[in-house]
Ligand SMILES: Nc1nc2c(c(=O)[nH]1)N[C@H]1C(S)=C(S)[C@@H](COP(=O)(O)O)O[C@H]1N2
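Here's a solo chain for you in structure tokens, the form predicted alone.
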């Protein structure tokens, strides 16, 4: 190679994958790496990933190897002050796992690495953290916490949490809660907001009452078509008259038997950091609709227009727009059911296994918003061939779909394991984030991890 490399191969692939191809493989750009199986190019790539690459002929051009994708393969991270510590910033918060990665400090936002999501039920300490305002003080007497239901109702309800527990039948459901921006970092050019990878999701056991039962007591008027939610968290500005976030859902979703007002998480009182003592859960829809620190639900006769409901907030484009272009508000619709997604939870990205290992057991999880997961497939040869995974039985609707499969590997070396899920409608995870939008919703690219044998 005649090029003078002023950046490491890892930096070059992160910043300019096509140029990295030219440097590593001794050629300018091209649609694939097929045919470049020898010489200094392959040697450079093998050195960069830490081992020989048995399926190098199948590697797509411009693909950032998973071993090098320490940051988003598409988005450039924001500038880091010279005085700031380098690398991921880990969460230090009482009761939370110290491997959660902080992706926002004000408000506090932290995601869970995929390999920490290997439990059937996500432990509280591993559950992602998402806030929009200031975290309120913990309630001293949770059962006295008051919730109001008003608006387009025949009977206004003011009820304490203790009364809610006593009056209505409780239920427990294991269900996925997912941030609406999960996968945002996979968009190119970068979208605004917290740069989530796949870690803005978890599957906990939620205990509470059906929202529909409470609505029945209030008597929803025929004019009541939309909910609006309010909470006690203070706006970042400190202005008590400005709601931090106030979202809502169509009445049909609110009446879903799995839409709940909850006060317990995994059998424990709902932690303050997760909205305790009481919050909403709308499974399958963006987590922002599942209001934390719930104080009031107002039934409206029109689509709610509170903070987080207008402009491009929690909205997808109706017709595709030019990536990075100017948004037309008329071309956006509310994000409702979340897209299909799968993750590999074992082994972790960057796993190193003993020389001679010829079979690797994979585990993971998949979910699909309001829909179900039809199948999960995995590939170890850059998508040339795919193998179906075994789907385990779910506990109830909206539970995530655990899966497992054993894959055979022909030799020692560097491998990438890819996983993609297909939902009950036939929609499949794509290779790259689809339908670019300025706030970065719907980035459900297939997950891949690097594994080094020997």
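In this text, all values refer to a predicted model and were calculated from it rather than measured experimentally. Positions refer to the first chain, counted from 1.
There is another form of the same protein, the form predicted together with the named molecule; it is not shown, and what comes next is about it.
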query: Distance check, residue 186 to the named molecule in the model of the complex, heavy atom within 4.5 Å; finding: no
query: 4.5 angstroms heavy atom contact with the named molecule in the model of the complex for residue 279; finding: yes
query: Residue 274, heavy atom within 4.5 angstroms of the named molecule in the model of the complex; finding: yes
query: Partner contact for residue 152 in the model of the complex: the named molecule, 4.5 angstroms, heavy atom; finding: no
query: Interface segment, criterion being heavy atoms within 4.5 Å of the named molecule in the model of the complex, picked from 338 to 346, 175 to 183, 220 to 228, 359 to 367; finding: 175 to 183
query: Contact residue in the model of the complex, chosen from 288, 197, 380, 259 - any heavy atom within 4.5 Å of the named molecule; finding: 288
query: Residue (of 103, 117, 245, 249) lying close to the named molecule in the model of the complex, criterion heavy atoms within 4.5 Å; finding: 245
query: Residues in 108 to 141 with any heavy atom within 4.5 Å of the named molecule in the model of the complex; finding: 127, 128, 129, 130, 131, 132, 133
